[in-house]
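Given as structure tokens, the chain that follows is alone and in the form predicted on its own.
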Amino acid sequence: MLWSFVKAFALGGALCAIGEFLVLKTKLTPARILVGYIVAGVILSATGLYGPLAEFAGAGATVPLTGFGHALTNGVKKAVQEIGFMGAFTGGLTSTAAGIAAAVFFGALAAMVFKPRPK
């Protein structure tokens, strides 16, 4: 079990370190970096490279934004196999709906519990 934590921490930390490097050393905006991470996850998943990485590192690969791209790709693949062409439009949303709903719910809950204020 400890080894699973080490693998997840190492890969998740490496992904975060790459993002931090991009923020500090390039003129890319954080929004572009985040979108780049999602696109990288989609490309790596579509080429079959991200699946083994996710199996190896577990949450270290599935929690960062590259994991979101991986989930989108897997959802689209599954939906296309089940319902055909329309699955390309619905599969990604179906596979990630629970995570998105949880983020919205807990974000709203945090806004109600704590007093948000503008910067």
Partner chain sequence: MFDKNAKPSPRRQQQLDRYKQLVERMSPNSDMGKGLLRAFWVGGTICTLGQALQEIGKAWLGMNNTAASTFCSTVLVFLTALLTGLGVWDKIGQYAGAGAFVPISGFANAMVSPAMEFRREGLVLGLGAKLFTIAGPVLVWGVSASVIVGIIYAIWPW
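Positions refer to the first chain, counted from 1. Since the model is a prediction, treat every value here as computed from it, not as a measurement.
Although not depicted, the form predicted together with the partner chain is the subject of the following passage.
Remark: Gly51 does not count among the residues lining the partner chain in the model of the complex, judged by a heavy atom distance of 4.5 Å or less. In the model of the complex, the partner chain lies within 4.5 angstroms of at least one heavy atom of each of the following residues of 79-96: Val80, Gln81, Phe85, Ala88, Phe89, Gly92, Leu93, in sequence order.
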